[in-house]
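In structure tokens, one chain follows: the form predicted alone.
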Amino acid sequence: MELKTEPLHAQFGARVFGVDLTGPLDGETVAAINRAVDEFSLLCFPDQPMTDEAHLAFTRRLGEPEAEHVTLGKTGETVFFGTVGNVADDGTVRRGDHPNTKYQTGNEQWHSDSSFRAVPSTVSITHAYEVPGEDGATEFASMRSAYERLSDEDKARIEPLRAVHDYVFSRSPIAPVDPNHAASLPPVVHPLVRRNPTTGTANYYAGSHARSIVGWGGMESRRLIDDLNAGATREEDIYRHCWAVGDTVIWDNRCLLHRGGGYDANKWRRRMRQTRVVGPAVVA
């Protein structure tokens, strides 16, 4: 089976038509979606009549749902959804000065979801219920394409390296991290170069959670990580997704960086629901 797609960016991304993610999906369709994730890294399914129940059911078709780390870290409770935006579950609006709204501005840094966990996520699945009338786009960039742009010498240089990923390092400068949450997420080490287990395609694995290089000094580590992040996020390499109500977007955290775009939380409502799929362990 081949999905009906149109490209979103020259390097990655596709809009997919003719698939209702909320209905029963046969194994062939699920396999086609997984192949498309491997190929395009980002898929947008417009006009999905989504509900939380359908969202979680679809997530389970792609793999094991990942426990949302903030709730798990603070309370020990396992939930599978995170809410992106300023509209709480009871419908109230959290304005720009609300602690949760401030905390979410940390997502405006380039990052890969859950790279700070011992087993990072494979994909994030986000559905838009309410979107701002202006701003609020999400930007994406491919570390696979950026890796391909490296010289052979630079590829060989970074191949054996491992990076420390640290949630508290990346987020505490933005807003305080709850002590229980911080304790639940000690720094982890991942190889700097990853390969898609199905296609073998290589990419580097960096982002704002990447703190340092194992065995390197601080300044040397930051110089390399900052250079890699900058090399992936040149203006011409970025896809900006301007959300529409009904969009369900799947992106591959193994090879994409993304960041949220700011919006006026005092003026607009934004409510998106997100799940993630637990990935395989990353092997150096």
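Since the model is a prediction, treat every value here as computed from it, not as a measurement. The first residue of the shown sequence is 1; numbering continues from there.
Omitted from view is the form predicted together with N-oxalylglycine, to which the following refers.
For a residue to qualify, one of its non-hydrogen atoms must sit within 4.5 Å of N-oxalylglycine in the predicted complex; all three of 84, 111 and 276 qualify.
Contact annotation: residue 259 falls within 4.5 Å of N-oxalylglycine in the predicted complex, judged by heavy atom distances. Although the partner is absent from this view, residue 107 contacts N-oxalylglycine in the predicted complex, with a non-hydrogen atom inside 4.5 angstroms. Proximity of residue 142 to N-oxalylglycine in the predicted complex: non-hydrogen atoms within 4.5 Å are absent; the residue sits far from the partner. The closest non-hydrogen atom of residue 40 lies beyond 4.5 Å of N-oxalylglycine in the predicted complex.
Stretch-level contact analysis of 24 to 32, 43 to 51, 212 to 220, 251 to 259 against N-oxalylglycine in the predicted complex, using heavy atoms and a 4.5 Å limit, identifies 251 to 259. The contact with N-oxalylglycine in the predicted complex, taken as any heavy atom within 4.5 Å, belongs to 137 out of 202, 161, 137, 168.
Contacts of stretch 8 to 42 with N-oxalylglycine in the predicted complex, defined by any heavy atom lying within 4.5 Å, are made by none of its residues.
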